[in-house]
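Before any questions on how it binds or moves, here is one chain, the form predicted on its own, in structure tokens.
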């Protein structure tokens, strides 16, 4: 599984990354977390508001920092 954090690298992006790592650990899952900071690549995903979260190249959240519990729900639904 690949998880992408799309954003400039701001504090919200860092928090989303930390929450994603916490969710993965809590669920006992392993995934590659990729930080995407290139605006052209972010736009190619159709994202205009960051931070955004994509699981296996499917954007599941845009413009907000999800809690680790919310990320867990998304990961379990996958």
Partner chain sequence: MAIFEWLNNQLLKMEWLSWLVRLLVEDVFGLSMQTAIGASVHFFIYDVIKIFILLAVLIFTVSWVQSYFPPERTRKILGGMQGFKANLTGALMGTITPFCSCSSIPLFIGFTSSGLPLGVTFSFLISSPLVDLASVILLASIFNWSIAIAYVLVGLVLAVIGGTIISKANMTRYVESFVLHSPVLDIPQAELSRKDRFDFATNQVADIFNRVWVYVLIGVGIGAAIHNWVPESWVSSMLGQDHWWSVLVATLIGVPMYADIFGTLPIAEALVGKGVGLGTALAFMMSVTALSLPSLIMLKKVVKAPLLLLFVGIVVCGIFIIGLLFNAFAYLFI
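Positions refer to the first chain, counted from 1. In this text, all values refer to a predicted model and were calculated from it rather than measured experimentally.
Below, we refer to the form predicted in complex with the partner chain, which is not included among the displayed structures.
Taken together, 12, 43 and 49 are fully in contact with the partner chain in the model of the complex: each brings a heavy atom within 4.5 Å. Residue contact check for residue 55: none of its heavy atoms lie within 4.5 Å of the partner chain in the model of the complex. Mapping the unseen interface onto this chain, residue 60 counts among the residues with a heavy atom inside 4.5 Å of the partner chain in the model of the complex. At least one heavy atom of residue 38 is located within 4.5 Å of the partner chain in the model of the complex.
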